[in-house]
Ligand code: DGL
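The chain that follows stands alone, in the form predicted on its own, written as structure tokens.
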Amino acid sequence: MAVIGVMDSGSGGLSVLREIRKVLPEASYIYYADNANCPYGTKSREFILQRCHSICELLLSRGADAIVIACNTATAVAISSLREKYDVPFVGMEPAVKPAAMGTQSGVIGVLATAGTLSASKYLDMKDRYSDGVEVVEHVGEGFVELVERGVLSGPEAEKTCAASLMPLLEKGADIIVLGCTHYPFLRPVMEKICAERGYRGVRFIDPAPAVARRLIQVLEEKGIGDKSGVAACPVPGSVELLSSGPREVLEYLYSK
């Protein structure tokens, strides 16, 4: 069965791994959290490129047949370069502007993402393509990544931090909120609580991870990956190996969620 490498700037990509494992439980996974360098949204393009190439080389050395870049910023900066250099399929992330634009009833959609994602040409091109007749309001999820990397997923601090970035979108009439960073789904229960308590009922959140899982299946089928026997160094079917450049405690905690 296939060996899938998954990388992110930190623990957020576990939200993507969770969805992939639902549809490919028999695959083996190697997850790399570059949490010593998280967040990527404030790093230079050159730094992100260097880290992505180094991490992907590690994943390939451990038998990865395909790699998921479970980070919107890393996808925007590095996926084209990675595809040019390495002869394996890559699946990346992109904010789900299209389904949000198609599903809005108010005509206003909100996008929560990192500064790096919101300024990336990949996101700006997508917004131009799919926002005709729809108002797109954006906000950086200030402090969201840091909360998740500390394992703070609820409580007063999480609620205050989330409300500061979420409320400007709700106040402008957004009825669908795009979660444009893989860390953010871990805070979705907090954001849903804020909506309910402040009278914004019916607001929907879109997590692109299920779509990434479906795309990965499609890519594996197109490439004929998954029906071959693995090499001796590969993990056993269904296993998950967690690797990180920094502390592992929060990574393991979030994996259990």
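Note that residue numbering follows the sequence shown and begins at 1. Quick caveat, the model's predicted, so the values are computed rather than measured.
FYI, the form predicted together with this ligand isn't displayed, but the following is about it.
Looking at residue 190, you'd find every heavy atom of it more than 4.5 angstroms from this ligand in the predicted complex. Shown alone here, residue 39 lies within 4.5 Å of this ligand in the predicted complex, counting heavy atoms only. When contacts are judged by a 4.5 Å heavy atom cut-off, residue 181 counts as touching this ligand in the predicted complex. A residue is said to contact a partner when one of its heavy atoms sits within 4.5 Å of a partner heavy atom; residue 145 meets this definition for this ligand in the predicted complex.
Stretch 39 to 47 is the contacting one of 39 to 47, 191 to 199, 54 to 62, 211 to 219, since its residues have non-hydrogen atoms within 4.5 Å of this ligand in the predicted complex. In the predicted complex, this ligand lies within 4.5 angstroms of at least one heavy atom of each of the following residues of 111 to 147: 114, 117, 145, in sequence order.
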